[in-house]
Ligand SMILES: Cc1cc2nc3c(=O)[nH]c(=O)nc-3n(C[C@H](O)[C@H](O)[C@H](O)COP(=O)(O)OP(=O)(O)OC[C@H]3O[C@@H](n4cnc5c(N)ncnc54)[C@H](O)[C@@H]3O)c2cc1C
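So this first bit is one chain, no partners, the form predicted on its own, shown in structure tokens.
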């Protein structure tokens, strides 16, 4: 006979979306929470395979409020946060050209209006700060002094440890098989290990979020898992570990110091079904083509290792956070794209408020109801 248990809330996924939501739910007083993770450890996919960068300046004002709040948490976690993840506040330089530069300058102005650090720099000033940009192709740069790089593994572990210490249960190797819905409301989650009776389910399954939603008959939100590659070079004598991360938003690539060399990304984006993303050797040529054309000072770097992960994007580029419009008790925390690290605490806090009140409306910009039609 299947094991039958109960929970006030079941969170599906122990990546940043699920872990931060569990953390904030428990901080708000919730205790009877079960987090289900299909893998043996957390962060196997998107949450553990990203570039660890904390970027606040973005084009969307609703998202910018979350990047600002999330980054503030990472720079100064609460004293009782169990892991105290290392945050290297070396800043960021966002580069652009032409109309892209004019848009980026407007994004910086909006960021300043929200209280963020964002300065428009000349090309000369940016090159003086990062000499590798000497012959790079860009018109201007936005400098954000409070951006940086965070220890993603300590951060994810911290969310989960704090949630567990406050009473949440984390179940690994626990795959969801079905979600029972009675009279339009969530009633239970069926896993390989048994049945969990509950009236609240949080879909924080990352690339698998739409798969989970379909188990419940929730709204068919247009989510697209997309593969992206990251590359680590051999050590480079000229690299200063205090350089900021540099992101060319016009030509779409970024780099930052890592392990004595650089971490590089060509910002590739290939949609695929949810999976354990494997690398495609052909993408390296995309990276080197961009380096030769737009960053010639680094054209002789040697790649030491590389990997790929999935970023899950919604059709309109905005997060999906809040109660489902079709199934009562079903909540979304999905579609975080490449902003999951930066916004994790802010997203978890927002989701926890809505789950705790069993109602939406506070975050209309991210509501799954926008896909109901």
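The structure presented is a predicted model; accordingly, all values stated were derived computationally and were not measured. Positions refer to the first chain, counted from 1.
In what follows, reference is made to the form predicted together with the named molecule, a form of this protein that is not presented.
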Among 157 to 165, 116 to 124, 208 to 216, 137 to 145, the region lying within 4.5 Å of the named molecule in the model of the complex by heavy atom distance: 208 to 216
Contact test in the model of the complex: residue 337 vs the named molecule, heavy atoms, 4.5 Å: yes
4.5 Å heavy atom contact, residue 233 to the named molecule in the model of the complex: no
Partner proximity in the model of the complex: residue 204 to the named molecule, non-hydrogen atom cutoff 4.5 Å: yes
Contact flag, residue 200 vs the named molecule in the model of the complex, heavy atom cut 4.5 Å: no
76, 94 and 345 all contacting the named molecule in the model of the complex, non-hydrogen atom within 4.5 Å: no
Contact residue in the model of the complex, chosen from 64, 30, 34, 51 - any heavy atom within 4.5 Å of the named molecule: 51
Contact residue in the model of the complex, chosen from 329, 322, 70, 309 - any heavy atom within 4.5 Å of the named molecule: 309
Residues in 4 to 21 with any heavy atom within 4.5 Å of the named molecule in the model of the complex: 12, 13, 14, 15, 16, 17, 18
